[in-house]
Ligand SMILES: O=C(O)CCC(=O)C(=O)O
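To begin, one chain is listed below as structure tokens, in the form predicted on its own.
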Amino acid sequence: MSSSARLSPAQLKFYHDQGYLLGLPPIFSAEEMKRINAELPRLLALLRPGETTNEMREWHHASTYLYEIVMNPRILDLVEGILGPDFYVWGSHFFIKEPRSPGTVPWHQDAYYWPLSPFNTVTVWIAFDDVDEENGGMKLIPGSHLGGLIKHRHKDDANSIIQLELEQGTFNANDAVQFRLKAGEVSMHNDKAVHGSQANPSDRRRAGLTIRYSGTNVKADLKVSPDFVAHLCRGVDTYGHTPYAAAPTARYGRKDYRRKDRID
């Protein structure tokens, strides 16, 4: 694969106007994705009885398998185009919908969940499988990031992967763009963009890894999330807001949070 994946001026304008990017060159080749997927069961084996893959968040802090992915230079090139030269990675989260899975991700904005300020975070979504409308691929409302945060409400639904959703009437679902990705491709979206996904009624798995990158000017409220740590990806941190962790040493490891510390 190419060692560089810089964004063009047209792509940057589209991202800032619409709040997302698709159609990016593959980050991982088919052979690379084959190796990555072959290792995934070793990570899944760390789940405890009763846990689901929704618990697999921020495990890049403890797993070189994931740390190498979130620090991949081809991904960092893309992120640098959005955030500039100084940024860190703090979050990762698997969203895995097995075949015939009823799990949904209701319409929401990422930034509503996070005790971070200012708004300067980009999410990279890596497709571990081919993803489309048939197996529950993500949808996003273009331009929805421009209106600021919208009020969310609690969603009482056992099939919902997250617990908050946007109140009805605050956006038009008919405006949504369907994301379609091949395994090894990525999408990018703004932290205030409205997005969600439906169940997977197909016979195909839909696995993806989200990675959260923030500019070094972004500060986490450590009273809300005292376990918050990050890894500096590029540049320097002249702000001193953020606690940094050492790179992991184990190939497969998990990160556990107290409930109040979880940043969805």
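Residues carry their position along the shown sequence, with the first being 1. In this text, all values refer to a predicted model and were calculated from it rather than measured experimentally.
The same protein has a further form, the form predicted in complex with the named molecule, not shown here; the description that follows concerns it.
Undergrad: The named molecule in the model of the complex: within 4.5 Å of a heavy atom of each of M138, H189 and H195?
TA: Result yes, every residue of the spot touches the named molecule.
Undergrad: Just one of 82 to 90, 121 to 129, 141 to 149, 67 to 75 has residues with a heavy atom within 4.5 Å of the named molecule in the model of the complex, so point it out.
TA: It is the stretch 121 to 129.
Undergrad: V177 versus the named molecule, in the model of the complex: is there a non-hydrogen atom within 4.5 Å?
TA: No, no contact at 4.5 Å.
Undergrad: Test of understanding: in the model of the complex, would E185 fall inside 4.5 Å of the named molecule by heavy atoms?
TA: Flag for E185 set to no.
Undergrad: R206 versus the named molecule, in the model of the complex: is there a non-hydrogen atom within 4.5 Å?
TA: Yes.
Undergrad: Any of the heavy atoms of H61 lying within 4.5 Å of the named molecule in the model of the complex?
TA: No, H61 stays farther than 4.5 Å from the named molecule in the model of the complex.
Undergrad: Ok, T53, T210, S225, N37: which has a heavy atom sitting within 4.5 Å of the named molecule in the model of the complex?
TA: Of the candidates T53, T210, S225, N37, T210 is the one lying within 4.5 Å of the named molecule in the model of the complex.
Undergrad: Hey, which residues along 85 to 116 are within 4.5 angstroms of the named molecule in the model of the complex, non-hydrogen atoms only?
TA: Residues within 4.5 Å: F95, K97, V105, H108, D110.
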